[in-house]
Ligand code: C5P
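Take a look at this one chain, the form predicted on its own, written out in structure tokens.
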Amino acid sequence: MSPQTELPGKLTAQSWPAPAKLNLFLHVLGRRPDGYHELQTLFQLLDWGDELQITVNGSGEITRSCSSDVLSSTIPESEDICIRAAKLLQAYCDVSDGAHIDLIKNIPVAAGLGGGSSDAATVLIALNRLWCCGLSQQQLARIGMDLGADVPVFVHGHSAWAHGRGERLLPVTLGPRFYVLVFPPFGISTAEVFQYPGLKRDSAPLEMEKAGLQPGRNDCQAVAVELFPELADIMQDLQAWGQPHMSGTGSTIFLSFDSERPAINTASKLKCRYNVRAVGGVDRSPLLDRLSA
């Protein structure tokens, strides 16, 4: 698909990637005075995700269409995070133009892969360029925090060690990595996980140098297994193929590999049992490459 597609009326739809992420580990350090949780996590960006076709127009209206029937039927257009992101930027920069956003949804909803946050970040970055707003990454990231704690990492576009709600980011170089993603047939609500009384909220802070940059414990996993016991069965089954980990607060389980071929082979063998995908981990977001194209 080309970056630009001609539409009727001489308008041009431009294509923008919205990559998924993994939380290689996720520790909950405590509850903050503002009601949110203090976290430590390691974000790994992926070379796969959603795609947005964005068309700027002079109407002043923000509209959205979506390839996902599930998303379209469960989230009203006015509450969609892409719409909210566009309207926040529009108001912040006093923009009179509008835009239509066509979301090609590949990342499952409530899967712990940051799909909504990545979509919002892509909208902010793309419309900042298309509307000629001229905001910096830091300004866009601050706007993004009003939409979700994971939005800043997608705005900055690098794998990162993160603190706070996830907004204090230290870019890291992980090098090429390979994963098999396993998608159970259900999603898990982030709010439900963090409101769960049994959630571990007292993990000790880690130092990055001592912790390393490898997959590790996810404090939200025990809650997810209590809410969805079948998740434990899937993870036990996957131990024959590697060390399974859950990403974020969602349902996606991932296996790590040192090279691409074992990941592809494992995905091929598992596809008769699960919905799976082999993906690559990247340090630099494909969205940044799109900006510099």
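For clarity, every value in this text was computed on a predicted model and none was experimentally measured. Each residue number is its position in the shown sequence, starting from 1.
There is another form of the same protein, the form predicted together with this ligand; it is not shown, and what comes next is about it.
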Every residue of G35, R165 and F194 near this ligand in the predicted complex, heavy atom within 4.5 Å
yes
Since the chain is shown here on its own, which stretch among 133 to 141, 184 to 192, 102 to 110, 118 to 126 would lie within 4.5 Å of this ligand in the predicted complex, judged by heavy atoms?
184 to 192
Which one of I75, L88, A149, A222 is close to this ligand in the predicted complex, taking close to mean a heavy atom within 4.5 Å?
A149
Which pick from A263, L39, I253, C66 sits with a heavy atom within 4.5 Å of this ligand in the predicted complex?
L39
Since the partner is left out here, which residues of 224 to 246 would have a heavy atom within 4.5 Å of this ligand in the predicted complex?
none
